[in-house]
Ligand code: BDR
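We begin with a single chain expressed as structure tokens, specifically the form predicted on its own.
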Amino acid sequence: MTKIVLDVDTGVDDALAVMTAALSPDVDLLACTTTWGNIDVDQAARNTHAVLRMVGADDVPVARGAEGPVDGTPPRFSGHVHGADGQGGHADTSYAPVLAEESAVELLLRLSHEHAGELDIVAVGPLTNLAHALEADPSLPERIRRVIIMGGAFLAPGNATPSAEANIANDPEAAKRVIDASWACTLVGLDVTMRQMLTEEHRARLAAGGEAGRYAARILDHYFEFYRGVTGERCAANHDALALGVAAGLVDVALAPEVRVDVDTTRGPSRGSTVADLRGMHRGWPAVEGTRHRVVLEVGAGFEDAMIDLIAGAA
């Protein structure tokens, strides 16, 4: 089992990632840390704990994290994508979550000592919590096995701007600190997540399942309507759960070259874009000495069906 801390800003696709992590026999979900992003951090914590409880995993600690970007600018949320509550209008906004007494950073640092060399961090929101953790303890990368990020756009266009993916664009300074750190880092970006789509057939299978499946089907309804404006069809990209699947070995990774990656933190039109040195594609991806970055560019089929079956089959 892969020991994972899942760092989330729980909107619709985060909820699917949380369910998949909690239900998968291949994942040891040690904790969820919450951050701002799709919604404010308090609603993210509320949604995260509620989803864990729904799948019988409310013993997984949930720790509250960052309220906004590391540079102190006001946070921007994505209610038009995920709904004002992050769950397409289906969250219980009065739900009182049971949260860890530790902050997200404190919990992450403690677990990094308790599981040194074994722990993967899967970050599927802005990277603010991880940046704060690095600031609090610069030796953190020495104890983390891997960081897997849902973020970036390399050969694909962005979704927050023409060149930048939303999680990176929301806090480019944090993303740069995290990607520049000395740990092994895998980026699962729009190059693959925008090609792994959830469909109406998937939603129907969820709706015919248990409580978790029916809830997932309801929140996907709103998400599908947003994506109709992106793709012309009622469907949705499987962003966050795909990153979780890559981390846990649930996804067949067909192409993920090790290359150098940087984040644009300038104030121009390319702010928040991820710049990878992909010139090796013309020579069969030769090894690049000294790189720590792995960029997922192609994955195999089948993960979405397996994920839907897992969630739909939950009691």
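Residues carry their position along the shown sequence, with the first being 1. Note that the coordinates shown come from a computational prediction; the quantities given were computed from them, not determined experimentally.
Omitted here: the form predicted in complex with the ligand. The next part is about that form.
Among L198, V178, I144, V124, which has at least one heavy atom within 4.5 Å of the ligand in the predicted complex? It is V124 that has a heavy atom within 4.5 Å of the partner.
The unique member of L190, L107, A91, L206 whose heavy atoms fall within 4.5 Å of the ligand in the predicted complex: Flagged contact: L190.
Mind telling me which stretch in 20-28, 303-311, 288-296, 5-13 gets its heavy atoms within 4.5 Å of the ligand in the predicted complex? It is 5-13 that comes within 4.5 Å of the partner.
Is there any non-hydrogen atom of N159 lying within 4.5 Å of the ligand in the predicted complex? Judged by the heavy-atom cut-off of 4.5 Å, N159 is in contact with the ligand in the predicted complex.
Answer yes if any heavy atom of N38 is within 4.5 Å of a heavy atom of the ligand in the predicted complex; otherwise answer no. N38 belongs to the contact set for the ligand.
Is M150 a contact residue for the ligand in the predicted complex, using a 4.5 Å heavy atom cut-off? Heavy-atom contact with the ligand at 4.5 Å: present for M150.
In the predicted complex, Q87 touching the ligand (heavy atom, 4.5 Å): It does not: once the ligand is placed as it appears in the predicted complex, Q87 has no heavy atom within 4.5 Å of it.
Along 91-116, which positions have a non-hydrogen atom within 4.5 Å of the ligand in the predicted complex? None of them.
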